[in-house]
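One chain follows as structure tokens, the form predicted alone.
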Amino acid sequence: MLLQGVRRVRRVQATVMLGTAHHWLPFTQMNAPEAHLRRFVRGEGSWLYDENGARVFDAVSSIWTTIHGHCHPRISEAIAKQAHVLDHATALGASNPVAESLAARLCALTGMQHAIFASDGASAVETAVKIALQYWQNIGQPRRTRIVRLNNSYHGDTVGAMSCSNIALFNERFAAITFETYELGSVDLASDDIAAVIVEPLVQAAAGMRTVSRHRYEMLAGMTPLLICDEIATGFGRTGTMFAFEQAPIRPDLLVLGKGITGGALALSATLATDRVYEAFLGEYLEFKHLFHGHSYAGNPIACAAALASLALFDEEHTIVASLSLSACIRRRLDSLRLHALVRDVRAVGTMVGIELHAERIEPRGSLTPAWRIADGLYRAGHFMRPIGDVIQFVPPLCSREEQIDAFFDALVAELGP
């Protein structure tokens, strides 16, 4: 008992030193060595500054959220201005001009017709799934309840989103509260009990930047079930087009957006729907066809103002053109990296890159895993990233400069060794 008490005190002391005694970090072993925990105090452009004054390149866009760089003046000003006008008002039976403007802008960009807002990507996925289920009830086909998804899928960590995911490490321990979904190709899409198919277009980011062939989506054309496209990670220029579904032979009935929607400044997500879906929810009040789902901060004006500023920057700063230029620079560096003895595979679409290591050939040397050893070395060299299993991920802000891309790959090659 005494030994256990000493161990607990040491653990508490370690976290207190970092100020994390009360802040429980997601997807983080809080008993990990201090070297693996980061604390950032400032951001500017593609850089993050830690508590020790070190400046590091945000090589994962703070997990795929930052588009135009940290603390972009245009977005910060929009946030401050809106905060002095209207900070929040409910979207339950009410609206506000900023949310209306953002909904119209997103629909114009995507070819969809209606948008409902939430705060994070998983919540937007939950919204899409519930819309799909109620849609079929509203049009008199309540048998349609099954959801089909890709293998290696990931759609978030709330119960519905997690149920649509297929990564055992994230799901297995919560099997008691999830519902069954089915892998694309394992069921007949002509079955009259399928409500929707949910897919990540082109890139399965949380699965280690796994790429999906465009031909994989061909079977979805003309099907009866609703098609949900999850563009939380791939949206807003990451793959070389504004949205990844533009490069695949699919048109969504429901489109889920998040992460980069505000440029990475504030939490916001959206579920977009076509007229076909939306109109199934119209009727007399006592028919109760309206959507039975919503979130307290849906359509928050400050977050919507940030999103509108971010979308304006795509035009003002030619962000898609910059993304294509960065993609070309990345491809050039990946060509040689593929041949490295410690690299098992290289996967990339646009600026979304996964470099899978031969982990069995790499000694951890005190780090959590072989991949974490590389990540720790990169951090010391001025680059912040977080591995996914044995995969070194690289998803830079779209405002990054080519010399920053080169510096990252130079540091990676140096860390891997000859």
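A quick note: this is a predicted structure, and the numbers were derived from the prediction, not measured. Residue indices: 1-based, along the sequence shown.
If you look for the form predicted in complex with a small molecule, you will not find it shown, but the lines that follow are about it.
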query	finding
Complete contact of Y154, E200 and I232 with the small molecule in the predicted complex (any heavy atom, 4.5 Å)	yes
R238 within 4.5 Å of the small molecule in the predicted complex, heavy atoms	no
The small molecule contact at D120 in the predicted complex, heavy atom, 4.5 Å	yes
The small molecule contact in the predicted complex: H72, any heavy atom under 4.5 Å	no
Segment that reaches the small molecule in the predicted complex - one of 176-184, 154-162, 238-246, 278-286, heavy atoms within 4.5 Å	154-162
